[in-house]
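Below sits a lone chain in structure tokens, taken as the form predicted on its own.
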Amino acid sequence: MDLTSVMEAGFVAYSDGKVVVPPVGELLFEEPPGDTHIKYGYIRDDRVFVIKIASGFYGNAALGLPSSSGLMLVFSQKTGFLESVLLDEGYLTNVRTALAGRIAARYLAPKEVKAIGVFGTGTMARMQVTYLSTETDCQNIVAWGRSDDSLRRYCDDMAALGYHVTTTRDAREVAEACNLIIMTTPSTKPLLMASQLQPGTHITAMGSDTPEKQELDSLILARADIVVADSLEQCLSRGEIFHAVRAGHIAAAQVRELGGQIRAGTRVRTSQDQITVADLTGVAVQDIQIAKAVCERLSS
């Protein structure tokens, strides 16, 4: 099964108004720091609806545990009865997020990627890069992290997959070396500044999935030639677009939606010098599509 096409179809259906997605439910925790999201919805005239619960607790590494966990519940649209419990511990959320990053790069990234910049050293920092292998043959990574230990582990793991990794604690070094940058952290303060960006850079930002989180200087979106949201409505209440609109740096009317660009079937970027940003806050239609794909595979 081509999961990329499955995810693209979901984004198109969402932008075409065929998906019912209520506002995200969330619980935010301070001690230990973490958050739990409840995302749910259905595609009109489909067979099922899905409720997804996903948690991220960022001190889990010290306990020898992964930071993410969760499950998906699949119900019949005809009867409301529970059909499947996918106790995936957050894996399917990671897959659908990595697929979204792949799709964003397909339509927005430069044709020639000289190096991939990664902010973060966790699961998403790994999966986002490996899922890009269908879009670019670039094997050069510049990774930014908060600790030498996490950077060393990331370097070792990615080197074992054939990547050449340079590590740094300086965001400027990432911006100077890379024209495709992936943001994967739960930071609440900007890590990358507009003054650091080079012409021709594409950024896929996915760590900022609550109103409190922010990885990008909002002036980056003002400087960008193209800004794309997975869900414009959702990105106006969370994510990088939320912060930029609230600060008055961009207007909602300037933002394109990913599903509309996929429907058009052409690359959004028209010049190697353009700066582009994809703000991926994670939409319930992604969970619906990945859950349906798993259930179909299990029943076949």
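In this text, rigid core is short for the largest set of C-alphas that superpose within 1.5 Å between two forms. The shown structure was predicted, so the numbers you read here are calculated from the model rather than taken from an experiment. Residue indices: 1-based, along the sequence shown.
Although it is not shown, the form predicted in complex with a further copy of the same chain is what the next lines describe.
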Only one of 233-241, 268-276, 250-258, 23-31 has residues with a heavy atom within 4.5 Å of a further copy of the same chain in the predicted complex, and that stretch is 23-31
Partner-free chain; cross-checking a further copy of the same chain in the predicted complex, the single residue of Gln77, Thr188, Ser195, Thr130 with a heavy atom within 4.5 Å is Gln77
**OP:** Please state whether every one of the three residues Val113, Trp144 and Thr166 places a non-hydrogen atom within 4.5 angstroms of a further copy of the same chain in the predicted complex.
**Re:** no
Point to revise | Contact label in the predicted complex: Leu73 to a further copy of the same chain, heavy atom within 4.5 Å | key: yes
- Message: Residue-level contact is defined here as any heavy atom of the residue lying within 4.5 Å of a further copy of the same chain in the predicted complex; does Ala159 satisfy this criterion?
- Response: no
Checklist line | Val245, heavy atom within 4.5 angstroms of a further copy of the same chain in the predicted complex | finding: no
message: Ile38 versus a further copy of the same chain, in the predicted complex: is there a non-hydrogen atom within 4.5 Å?
response: yes
Core superposition between this form and the one not shown, C-alpha change of Gln274 at least 2 Å:
no
- Item | Rigid core fit then Gly34 CA moved by 2 Å or more between this form and the one not shown | yes
Practice prompt. For Val12, state whether the C-alpha moves by 2 Å or more between this form and the one not shown after rigid core superposition.
Written response: no
